[in-house]
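Subsequent text provides structure tokens for two forms of one protein chain, presented individually as structure 1 and structure 2.
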Structure 1
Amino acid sequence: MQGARSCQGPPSTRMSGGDMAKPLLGRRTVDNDPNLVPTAGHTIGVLGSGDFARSLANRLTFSGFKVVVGSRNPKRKASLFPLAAEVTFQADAVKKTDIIFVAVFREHYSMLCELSDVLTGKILVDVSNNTEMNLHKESNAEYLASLFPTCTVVKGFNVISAWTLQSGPRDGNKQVLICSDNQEAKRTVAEIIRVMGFSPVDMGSLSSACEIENIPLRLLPAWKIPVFLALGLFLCFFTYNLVRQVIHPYIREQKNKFYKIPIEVVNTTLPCVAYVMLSLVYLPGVLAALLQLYRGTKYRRFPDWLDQWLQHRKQIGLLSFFCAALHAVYSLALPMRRSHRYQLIETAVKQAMEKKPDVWIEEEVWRMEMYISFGIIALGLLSLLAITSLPSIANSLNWREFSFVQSTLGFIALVISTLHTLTYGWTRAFDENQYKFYLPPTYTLTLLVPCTVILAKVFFLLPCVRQRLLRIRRGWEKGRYVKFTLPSATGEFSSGETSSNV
């Protein structure tokens, strides 16, 4: 099929005379041919004059390479490229280098067929992307390779943007995914990537190009489930709070409190979502530990739903921090509302008319002081967890430090968040006036999952349970038989079997 779509002529025509008689690049090694070593001063070709081609030419020039740009209109496009780059016609650019970046769209590949003779034996680096995932049956790189079978195609640079090429890797570690069926060509392109200041990642053969081309088209794939989970919890708690805080007084007391929806109802909902999401970070670990204790081994796979849950804990935790931070901002904004000012004035007038000189309630003062203090500490710990989840920070920690922050401090944050919730509720759970439409206060519902996680963690701290779980995670299996040797009557050792349960 590739031969049918090839832009090349008959073999005798392609390999006749001069440079056409040279062996293909795939038969040469970098060690034997120093011209293939991509060091500073090496000439690199770029076909195309779009934004990405210009950024690529800039980065290659700044990295010390000689750049030859091939364009259909070199005079008009020359001013768009750096002065150090040579802008010429495509055929001339191809003749001057063995490594060429093809920075044109897939639909324009066929226009390069007229260059098929001079492209023979060259390395073509395909940097293209599609507008939709799996838009074609084959990847762009494989399609390019089918058009030019005498060339070596390497897929790369499609996962980084033109802006990244211009600014370089200063803003973080930028990985460039590459793949090809030719190991020498991959090594050559990898050297160019390193000289440009990026990190090459070998993704295997050219069949991986389809996966690489789909990566830039994915919109936060690891965040889809956590975001939908957070939105689902928000809608549930928002509806529940709306019924209790707005609908109930409107029906029972004919009071219009719809003004509470934008701030108060939202602010009551956000901590519920943050608190439950934080507990959902540690709940799958509890379920996994229980499953290992039940099975008596660590060598059996978890169910797919549990495995997916474990993999999304980071995103769930960051969304929990996001909701908690919004809750803090909304809480600071509560006194700024006009309705709050009216209520303060109304309360002060009532107290003056009733001649109440002292309205100080010691219990309420202590409750609010403790409530706010626990909230600040919990938010601080969540901030620490969010910061250490960043790759640049996580890479500076060893595994024990990272585990201590994410596991130990995270569990402490969950305990303090529970204290924050309990001091908010105080004795309201026993007040029948708090049960609107016979619905319990919202915070009592949020305590279910976190308290379950905390009790399970305490259960795992029991010496008998902790030792058994530790043995399982070190490789012990329930019901496994192990071989051992015993000395016989003659002094020689004989083999036998015993259960590891003994």
Structure 2
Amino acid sequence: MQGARSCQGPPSTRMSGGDMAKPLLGRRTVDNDPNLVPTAGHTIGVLGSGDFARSLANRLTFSGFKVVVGSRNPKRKASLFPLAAEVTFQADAVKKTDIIFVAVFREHYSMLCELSDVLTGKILVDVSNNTEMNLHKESNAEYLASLFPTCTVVKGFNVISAWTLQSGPRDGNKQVLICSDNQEAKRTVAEIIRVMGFSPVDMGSLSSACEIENIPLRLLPAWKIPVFLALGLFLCFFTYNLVRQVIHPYIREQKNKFYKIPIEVVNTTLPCVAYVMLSLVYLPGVLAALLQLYRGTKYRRFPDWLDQWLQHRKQIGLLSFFCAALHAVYSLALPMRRSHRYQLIETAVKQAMEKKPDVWIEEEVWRMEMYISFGIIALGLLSLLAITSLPSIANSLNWREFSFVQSTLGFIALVISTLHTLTYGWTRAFDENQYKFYLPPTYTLTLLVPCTVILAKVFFLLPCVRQRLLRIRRGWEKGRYVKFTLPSATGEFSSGETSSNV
């Protein structure tokens, strides 16, 4: 595979693997040649004069290296580089150094072939990225290695953006993942990375290059489905609330209520999304348990959709928390608004004219005290879940503690959110005036899934169901007449002990 496209050297000098690479490169280059210890003052080459080359040259000169840039058109590009950097022709630049960053796109690698003679025995650092995952058969770095078999290729820097390079390692990600088949070359590049203020992370041999090249292409992969779910729910509920709160009064009573869109409509939509998403975190667990009860075994795979769902619960939960937090802030802002002040004055004037001295309604007062308190507690619990999902915190908890917070406290948060919604809604579901265009109040819609989840969880607590579920999770199977006794048949131990994160 390598030989076919190589544009360098006779076949006998080609290296096919890591170990064979060593004698060719020669220990000379790293250990015995004092010029090659990559400390400040050493000359480093950069091929290409684009954005990345420029940032790289900047960072390298700031770090004390001498930089020589190889361009096809050095006269035109020289002004773009720091004065300390020498900008010259590609072949000229390559001759002046032993470590060369190849800052051109993969598509143009083959055009560097004319340099193959001067490149012999040097270290090439491949910094390239692809536009798509697995676009090519082999990684860019392996392709470069196949074109220049007498060079040592080190993959690195592709996970760092030109911007991060420019602004220095204080902002953004500090880690530079590198890999190579040649240990010494890798050590040399790692040292340069360290001098530049980043931290090198050894990813092993050049065959890892593919993995490293895919990293910058992954845009929050686990978040895609949850984010679309949240956006979809938001859109549904937003439209529904818009119709009920704005369009209905406009059509039926010619009243202009468009001012409600930025805060009131959003603040009915966000909590609904938060609440439904929270119930969707606990629904797949219920479905999984039902499936296990029905099948009478845990040794069969869940269907793919359920598997996917179980794996996305963290992201769904965190998005739910995000919406709930926004909802809380929006709710606190409700009485700040000018419209609210006008309404207060309006009702006060009305009451004065009707000569009603006391407008205190005990039931309404209690309802509000209750639902706000429930909301605050629920948000508090969700914050706890969100905090424990930070890797550093999660690592400091043992498995039972983590599962207690995530599974038990999370479910309690769902129950309290339900109380919050119920006390907020109160008897409104039975009030005909609340039905706009026959559409029921929004909160009644949101109750469906959460209440199902809560009822199902209560069902699992029934002793007979619980026993069976516990046995199944301990490996018991329906129809296999294996004598099986639970260590504690009375159900002494908590469910946390027997469940595992699927």
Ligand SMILES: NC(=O)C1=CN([C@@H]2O[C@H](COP(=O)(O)OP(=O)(O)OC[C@H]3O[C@@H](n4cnc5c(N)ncnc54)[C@H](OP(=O)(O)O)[C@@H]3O)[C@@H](O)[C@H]2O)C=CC1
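Each residue is numbered by where it sits in the sequence of structure 1, with counting from 1. Under this definition, the rigid core comprises the largest set of C-alpha atoms superposing within 1.5 Å between the forms. This structure is a prediction, so every number in the text was calculated from the model and none was measured.
A.B. asks: Which number goes with the form predicted alone?
C.D. replies: Only structure 1 matches the form predicted alone.
A.B. asks: Choose the entry from Pro463, Glu432, Leu219, Glu362 that sits at the hinge of the motion between structures 1 and 2, where one rigid part turns relative to another.
C.D. replies: So the residue sitting at the hinge would be Leu219.
A.B. asks: Rounded to whole degrees, state how far the smaller rigid part rotates against the larger between structures 1 and 2.
C.D. replies: The rotation of the smaller rigid part against the larger one between structures 1 and 2 is 31 degrees.
A.B. asks: Given the rigid core as reference frame, how large is the C-alpha shift of Met133 between structures 1 and 2? Answer in angstrom.
C.D. replies: Met133 is displaced by 3.2 Å at its C-alpha.
A.B. asks: Using the rigid core as the frame, report the C-alpha movement of Val154 between structures 1 and 2, one decimal, in Å.
C.D. replies: With the rigid core fitted, the alpha carbon of Val154 is displaced 6.2 Å between structures 1 and 2.
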